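As a starting point, one isolated chain is supplied in structure tokens, in the form predicted on its own.
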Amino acid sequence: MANDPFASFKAAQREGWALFAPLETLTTPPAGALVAFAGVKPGQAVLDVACGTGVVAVTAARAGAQVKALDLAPALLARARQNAEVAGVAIEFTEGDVEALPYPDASFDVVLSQFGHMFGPRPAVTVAEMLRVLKPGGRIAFNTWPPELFTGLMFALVSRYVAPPPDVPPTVLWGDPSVVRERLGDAVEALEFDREIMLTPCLSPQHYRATIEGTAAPLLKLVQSLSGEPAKLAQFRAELEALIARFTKQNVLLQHFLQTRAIKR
């Protein structure tokens, strides 16, 4: 990444997401939904992009696919390898960048990503790379967060307190079907969307807020940046807790997500 204009941004992402592992219990059910939505079949060559702790990769491997997986954060890859070992599946994990996938053209039958590829700073580059390594007639499928629902609104709240880099589009645009349709363009056909809900146990808004402040990169960064402004940090926390309360019913936080799938032409 020596000549990468976003090298420092990606370095911050690598460091910030290193503590994500405790959230894998929450993202495991959506991983099952994604693998089913993508129609992964035994024997298919599958790539999990921005694999995190490997919940999608392990799910696909347990379905009989031949899986490779890539992530920017070494700490998450270490956890992913542990998860694969416990599950008794063979997966090739690689440290790498979604904007420069280290695989030949047309290598995979299915390319997947769960809440990961959307953090690539240049959507056009990300799309080009994911489609480049996908075989013609292969399927691309991913989960993202709609901007108008809880997680999208949370990211928007964070950006009001810590402005993202001006040349990096908001992550939650990946949760807008019209934007996804434009980004995939004529390179795909049979584009389809679906909605699912990630059910997150939530003893109180304060409990969930404390959890994500210690595990999710945007929240980690925000808390660090406001460490010298206690009043502003308290204001953010109050707003976040109110948002959490809006989407919580009977000790369950409802985190709606968008599923996308398409066939490469």
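Note that residue numbering follows the sequence shown and begins at 1. Everything numeric in this text was worked out from a predicted model, so none of it was measured.
Below, we refer to the form predicted together with a small molecule, which is not included among the displayed structures.
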property: Residue contact check: residue 175 to the small molecule in the predicted bound form, 4.5 Å heavy atom; result: no
property: Close approach of residue 119 to the small molecule in the predicted bound form, 4.5 Å, heavy atom; result: yes
property: Contact test in the predicted bound form: residue 211 vs the small molecule, heavy atoms, 4.5 Å; result: no
property: Residue 13 within 4.5 Å of the small molecule in the predicted bound form, heavy atoms; result: yes
property: In the predicted bound form, segment of 102 to 110, 146 to 154, 188 to 196, 67 to 75 with a heavy atom within 4.5 Å of the small molecule; result: 67 to 75
property: Of 61, 55, 47, 35, the one that lies within 4.5 Å of the small molecule in the predicted bound form (heavy atoms); result: 55
property: All of 27, 51 and 98 within 4.5 Å of the small molecule in the predicted bound form, heavy atom check; result: yes
